[in-house]
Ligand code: SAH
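Only one chain is given next, in structure tokens, and it is the form predicted on its own.
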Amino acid sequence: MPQDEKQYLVGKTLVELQDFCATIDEPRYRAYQLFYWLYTKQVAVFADMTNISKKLRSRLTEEAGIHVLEEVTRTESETGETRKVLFRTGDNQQVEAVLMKEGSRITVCLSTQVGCKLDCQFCATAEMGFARNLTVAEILNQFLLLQKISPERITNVVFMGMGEPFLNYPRVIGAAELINHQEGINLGARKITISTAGIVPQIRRFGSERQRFKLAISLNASDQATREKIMPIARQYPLPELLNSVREYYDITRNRPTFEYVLMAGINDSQEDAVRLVKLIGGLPCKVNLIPYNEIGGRYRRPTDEKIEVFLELLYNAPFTVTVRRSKGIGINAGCGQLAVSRN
């Protein structure tokens, strides 16, 4: 069978695998076997599915496939704690994903789109433009292939790679649900974080559906004018509307959101910015994650360590949790905001 006519099984739900089995005249229980081998055992070839007949394994090898992505290159940081992998899709698009180790935590950062259409000024992915959404299979395949190269079991997933996850909402949720599925990969919902630059209707949808996955919002400014300057999406969804949607999300789910705040020199790192940030968020139960900017060769710069410390001190008595994330993998362009591939 020609390669492009094959059905690839990674990314399919149990129901979809049952439908697939029906098309090849196999009983429904085969779907449970396939689900087990794909997501619990995470095999790469049909030959390893040992409780399936040799005849069917041969047929599956001929007519179907497992992985939809192909690894192109792998880059490792000097410490060996961060690995960035470039993947190629079936239609010759390319996306990057990152594997990071910090203590006992093994985190993967997954991409959800080829490029991004939001044009955030400080993000390398914006320079790619936008090609298309990734499928559930392509998103999930990043996880499975990163798990293969990880020396330990992945403990955390963040949808914070290339693209805006909430502009690919159904597929991102579908991939998260398969990662969370108790009879498959079985990673806890609270170990899975979905990030958004502030797509208000989808934040409201995320809350109304009572999704159990964690929500992170890329805030990056404490006033509307600054946010519009660095994040054009702010013109469509102004700060008051964004904050109202996040409060609604908390009121419905009682899950604390995380606000990501990338500190950029002379843009959003002043003492006035810090004071405004506390006032903006107010008493909303949440976490604020400060991320010193990872430079990508553009006009934005990382604040000095002294400036970062002053900003942090002004948040010391804030009524919310504050953390500082020192991005890993900066030397291999695997840090927050650094993912991008050439489309030439």
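In case it trips you up, residue 1 is the first one in the sequence shown, and so on. If you're wondering where the values come from, they're calculated on a predicted model, not measured in any experiment.
We do not show the form predicted together with the ligand, though everything after this point is about it.
291 is the sole member of 68, 60, 286, 291 with a non-hydrogen atom lying within 4.5 angstroms of the ligand in the predicted bound form. Checking 315, 296, 64, 56 for any heavy atom within 4.5 Å of the ligand in the predicted bound form turns up a single hit: 296. Among residues of the shown chain, residue 85 is not one whose heavy atoms approach the ligand to within 4.5 Å in the predicted bound form. For the chain shown alone, residue 94 is not a contact residue for the ligand in the predicted bound form, no non-hydrogen atom being within 4.5 angstroms. For the chain shown alone, residue 164 is a contact residue for the ligand in the predicted bound form, at least one non-hydrogen atom being within 4.5 angstroms. Though the partner is left out of this view, residue 203 does not reach within 4.5 Å of the ligand in the predicted bound form, counting heavy atoms only. Heavy atoms within 4.5 Å of the ligand in the predicted bound form belong, among the stretches 249-257, 117-125, 134-142, 182-190, to residues of 117-125.
Applying a 4.5 Å heavy atom cutoff to the ligand in the predicted bound form picks out 195, 196, 197 from 188-206, in order along the sequence.
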